Ligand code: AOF
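Starting off, we have a lone chain in the form predicted on its own, written out as structure tokens.
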Amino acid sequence: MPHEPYIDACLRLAKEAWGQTHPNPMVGAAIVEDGRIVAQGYHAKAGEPHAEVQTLRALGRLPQKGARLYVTLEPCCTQGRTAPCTQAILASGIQDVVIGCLDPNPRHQGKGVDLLQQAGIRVTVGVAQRACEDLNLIYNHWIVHQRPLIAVKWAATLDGYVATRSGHSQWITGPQARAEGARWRRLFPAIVVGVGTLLADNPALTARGDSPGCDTLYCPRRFIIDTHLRCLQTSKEYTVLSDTYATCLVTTQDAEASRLPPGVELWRLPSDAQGRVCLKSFVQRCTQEGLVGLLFEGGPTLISALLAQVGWDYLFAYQAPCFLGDPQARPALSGQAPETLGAAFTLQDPHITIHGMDVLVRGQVFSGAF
């Protein structure tokens, strides 16, 4: 019996908690008897029961002889806020477990599998592994590197521009691509833009989508990088400074702050060599705050400075089927000067999908410089 359809079903279940489990991973599980799914569950939120336990509870009885448990991620084997999932599996009497991918957490990695196998349970690992690992790209990075996944998103023309020379940029991509972008925004606990983007576009930085787990309005923690607090020096009302969702202005220690709008937080950080907000310090502060992923949607100035000062871990590059042919248009990125193609930044294991007329290329950013 092929395992992939059942792991695919578990992946769909896991996505019901899209963006809601940080700092935990999203996990889906199912129990199959005689080729039929008889119970299923997913991890909904940190501190709540894990997918395997939810699934066993949903079954409401002991599994039949020959039942098989499918799960997207290796079951945990240590006591945390919840009991080990391996303990629940052993108590259930299930003798066959299929796992999508191992947990990168060194407390669990391979140890859950070993514990089950030592108890005589048949364990299969690596079914739909790429998809299962991709599901938790933020969690995986946080566990391995102990800092946020730094991701950048842009939408550009075929010749690499994000706006015309006059600054016009709405909209480069079509509605399907923008909806997909909102879905990814829903995954990240924090969104970052520069003050230029705020002044030009007045973005709400919220997300709503029709994908699993994305059917309601959602707002991550919103950060505005504003060295001189320009957004407080205008009479214009900006959505991110006036609604009820969490917004933080990030500025330098020397900036003069006028009266902050109600509910808006202020971070004062060191300056870089150019007198702007030090982005390394910003990432360090976010790490201390336990923010496992940062999605930068700022314009070329912010993301170019980010690449130069910190580097990127991940890129979401949307490309529209149009081009400008204008060297004075605004490029997606600047400030780098590789002398050979071999020195170019590359995406490892890229994922390529089509959304309406537009293409999304996304993947881990690699460069010998980082």
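In this text, residue numbers run from 1 along the sequence as written. In this text the structure is predicted, and so the values were computed from the model without any measurement.
Below: the form predicted together with the named molecule, not depicted.
- Only one of 59 to 67, 324 to 332, 303 to 311, 46 to 54 lies within 4.5 Å of the named molecule in the model of the complex by heavy atoms, and it is 46 to 54.
- For the three marked residues, 198, 222 and 268, no heavy atom of any sits within 4.5 Å of the named molecule in the model of the complex.
- For residue 297, no non-hydrogen atom is located within 4.5 Å of the named molecule in the model of the complex, even though that partner is not displayed.
- Proximity of residue 240 to the named molecule in the model of the complex falls outside the 4.5 Å heavy atom cutoff.
- The named molecule is not shown here, and in the model of the complex it never comes within 4.5 Å of any heavy atom of residue 236.
- In the model of the complex, at least one heavy atom of residue 74 sits within 4.5 Å of a heavy atom of the named molecule.
- Between the options 186, 147, 108, 178, the residue in contact with the named molecule in the model of the complex by a heavy atom within 4.5 angstroms is 108.
- Taking 80, 167, 275, 126 one by one, only a single residue has any non-hydrogen atom within 4.5 Å of the named molecule in the model of the complex, and it is 80.
- Contacts with the named molecule in the model of the complex, taken as any heavy atom within 4.5 Å, map within 22 to 37 to 24, 25, 27.
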